[in-house]
Every structure is written in structure tokens, then in C-alpha cells.
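Consider the single chain below, provided in C-alpha cells and representing the form predicted alone.
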């Protein structure tokens, strides 16, 4: 059993050590060599694709990097899985895309808008996710099959 002064010393020592570890990890994670954001590859096309993504509320149904809806497939690595030509064809199709009974709006995008979306999805797919794309919930795995 610790005396009152020993307990206080143990508590303060543990607090200081934990605080120093926290500060060290913060500095380490903010170092430029640990940047995984892929920001150097952002182009005007990627920015336009992100704008299209947001204005069409794609996140209402789809998820990127685990954020968004689960009605439709997770799109983080969609270009790797499906290929740019198929994704572009879906975005430009006048007929609603309806795999497994889940209907996607027929956006009938112009060639320029579809290319911007492809560039945005390619950029997202190139971000270092620390293995997130290999750790997927059972619900999302089911959606990835589409």
C-alpha cells in the first residue's frame, strides 16, 4: 500500500511521463516526413471533382475513407477496383445505374465533369490509408462487392 506522499508522487510522475509521450507523438505525427495526405497531387481537376462530389451529395449514399453513407459502395479505391472507364460510363449514363436493386441517379455528366470526378477518385485512392482499405466492416465488405 502506498502512503499519501508516494501516491501523489506516483500520480504526478505518471502524468508528466504521459504528457511528454503525448507531446512527442504529436511532434512526430506533424513532421513533414510523416505527411500522408497526398496534397502535392491536388490539381484543378481534383478540386473540380471534389466540388462535383459535394454539390451532388454523393456522400449521402457513398462513403470515402469510411465517411459517408452505406447505401451504396465505398469509393475510396473504386478506380483500382472497377477502372476509370466503367466509372466514367456510369457517371455519363442516361440510364440510372441499379446494381442489386439499389438505384443511383443518372447524372448524365459531361465528359469534362466525369473526368474531374475520375481525377478526384484517383487522388483519393492514392492517399496512404495505413491499411484502412484492408480493414473493412462486414457491412462495407458487402457493399464493396457491387
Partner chain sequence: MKYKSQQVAYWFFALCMLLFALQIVYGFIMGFARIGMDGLHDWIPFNTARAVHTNLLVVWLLTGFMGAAYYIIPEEAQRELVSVKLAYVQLISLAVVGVAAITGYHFNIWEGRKFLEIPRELDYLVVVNVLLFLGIILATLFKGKWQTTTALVMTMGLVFAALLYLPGMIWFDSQVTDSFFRWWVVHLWVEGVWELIMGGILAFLLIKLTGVDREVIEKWLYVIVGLTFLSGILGTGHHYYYIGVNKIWLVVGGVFSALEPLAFLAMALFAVYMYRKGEKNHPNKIALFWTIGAAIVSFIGAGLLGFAHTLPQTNLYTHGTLVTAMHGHYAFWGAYVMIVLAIISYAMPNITGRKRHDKTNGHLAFWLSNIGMLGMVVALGVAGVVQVYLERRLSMDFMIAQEEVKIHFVVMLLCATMFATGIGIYIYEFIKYGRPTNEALSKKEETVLVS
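Numbering follows the first chain given and starts at 1. Nothing here was measured: the structure is a model prediction, and the numbers come from that model.
FYI, the form predicted together with its partner chain isn't displayed, but the following is about it.
Its partner chain is not drawn, but in the predicted bound form it has a heavy atom within 4.5 Å of residue 29.
The closest heavy atom approach of residue 94 to its partner chain in the predicted bound form falls outside 4.5 Å. Remark: residue 65 counts among the residues lining its partner chain in the predicted bound form, judged by a heavy atom distance of 4.5 Å or less. Its partner chain is not drawn, but in the predicted bound form it has a heavy atom within 4.5 Å of residue 69. Annotated contacts: 90, 110 and 126 are all free of its partner chain in the predicted bound form [non-hydrogen atom within 4.5 angstroms].
Applying a 4.5 Å heavy atom cutoff to its partner chain in the predicted bound form picks out 10, 11, 14, 15, 18, 19, 21, 22, 23, 25, 26, 28, 29, 30, 34 from 10 to 34, in order along the sequence.
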